[in-house]
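Read on for two forms of one protein chain; each stands alone as structure tokens, with the labels structure 1 and structure 2.
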Structure 1
């Protein structure tokens, strides 16, 4: 039997943030979500999350996760005190308890599997993850012998000079025999620099205590401040870029681009410099993205080109070309082979196959048929100050430069709108619509002098 407990009750003082530390985001997922997903593969029987500081906020964020037991630690008197809160909910539990600090987000699932199997094979009372760091500042130092047996963990601030030179650090990830841990948890004392109950002190009370050293020290980065948050972000971004390069994506300047975990990129996609992919963005095969794009939960087909543009919660079918300097806002759907040019904003609209919106337009709440040509500067006036209304433009229609279509309005198929028109009434198929003052020319006119 396996139970997993994640410690997520701390305030994260060193973060200097209104957001609880475990809710800080990394590549689009919070720290605690990352910790939880790193142990999902172990299929534990119980998953407990210890919450305290802004407990409701943490709980609300994770409500969707399912199968989580929230345990309240109030007040927060240290990591040992946090685990003491499990004595009641885990009373009578037989098996192992994996304890994870909620601020160690880069752990690989395989590392946890290895920790668990080593722990079970050795029959130790506790097995903890360690690493050797060139700069161990801030971490608890692990006092261990050559056989991997641990006698104690001493927190950085409680170390004497000799102990401080030890470069073997505690990652904050432990596998305990629960019954043995439960027996010593009540014996913890606050006899340390912070006056807290330390989980790390249980190690000296348990035997045998063993450690497993991770090969890649990046995995066990603990996050206490914004510097460490940024360092972890860099590690994650590098992992994500390498993953997609191995899947057949070219990055011209990888270091200038960022990806979310939920992003999917097709084969032969070329990502130019300064592109950012957020949310659940999906890009099809053979696309060229960038330079300078932000794609947030966008769905992009095959062979699409996007330059210097923002695409958010919009769907772009194959063969479209977008930008430079276009913005596709939520609810935009471009069917295949559309062209959206510079300084064009489209929102909550359907643009039919092969249509073109090439220059300086706002298209909002509109439905365009196929092969529509939207002239430069065409605006759909969709808002009457209270409500939004739809504009419909039939297939094969053309709007002249600087047209204003005041919604609700329907233009049939094959309609031509004269340049500079402001239209407020529907236009039947096949007709020309003009809605502008007739041009007046006075010959030899002399202005007032």
Structure 2
């Protein structure tokens, strides 16, 4: 049996934010969501989140996670005090307790698997995660022998000169035999500089105590301020880019691009500089993205080219070309081999196979058939001031430059709209539609003097 407890009660004063620290975003997910994700593969029977500062806001944010138990720590009197709040919820629980911090988001699942495996294989009362740092200043030093047995954890300020030369530090991640931990939790005292109850003090009360050294010290990076948040973002972004490059994606300038955890990229995708992927974006094989693109929760087919454009919550089928300077807004669906050119905005519309919206147009709440050609400056006037209305354009139709289609309106198949027309009524298939004022020319005109 395994229970996981995540410490998420702190205020995070140094973040200087109205948002609780554990809800700060990192590569598209909150810090605490990343921590919960890191232990999902362990399939714990119980998942407990210890909350305090803005507890209701944290609960609301995570209410969709499912299977979470929220435990209130009020007031917050240290890590030991936080875990003491589990004595009632875990009464009678038989198994191990993994304790994680809600502001340590870079732990790899395989690291936690190794920690739990070693803990169970050794029969330890507690196994802690450790790391070796070139500069361990400020961290508690772990005194351990070659077999991995821990004799003590000494806080930096309490170390003597010899102990300060130890580079093995406590990462603050623990795996406990819950029954043994529950027996000593009431014995913790506030006899320290901060007047708090420290979870580290339980290590001296439990035997045997073991440690597992993490291979990559970046995994234990905690976040207390915006600088550390940015540093963790950089580490995570590098991990994501390296992963996709190993999967067959080319980044022309990797450091200029960012990804979300939910991004999925196909083989032979080329990502130009200054491209950013957000949400659950999926890009098919053989695409060329960028330079200068933002894709947010977009679904992109194979062999698509997108240049200097924004695509949000839109679906683009294979063989399309988009940009430069186009915007596909939520609800847009492009079928295969469409062309969307410069300074075009499309919203909540379906664009049929092989259709073209090449430049300077707004297509909103519209349904276009196959092979439609939208002339420069065409506008679907979809809003009457109260409601949105749809425009329907049949296959093979084309609009002239600077046309305005006032919805609701339907153009049949093979319709030609003359340049400069404003249409307010339906047009049957195979027709030419003109809706513009008669041109007036006055010869030898002399303006007012």
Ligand code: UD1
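So that the term is clear: the rigid core is the largest set of C-alpha atoms that superpose within 1.5 Å between two forms. In this text, all values refer to a predicted model and were calculated from it rather than measured experimentally. Residue numbers count along the first chain shown, from 1.
The form predicted together with this ligand appears here as structure 1; structure 2 is the other form of the chain. Fitting the two forms on the rigid core leaves the C-alpha of residue 441 displaced by at least 2 angstroms between structures 1 and 2. Remark: with the core as the superposition reference, the CA shift of residue 123 between structures 1 and 2 reaches 2 Å or more.
In this overlay on the rigid core, residue 142 has a C-alpha that sits 2 Å or more away from its partner position between structures 1 and 2.
When the rigid core is fitted, residue 154 shows a C-alpha shift of 4.7 Å between structures 1 and 2. On core superposition, residue 208 has its C-alpha offset by 3.1 angstrom between structures 1 and 2.
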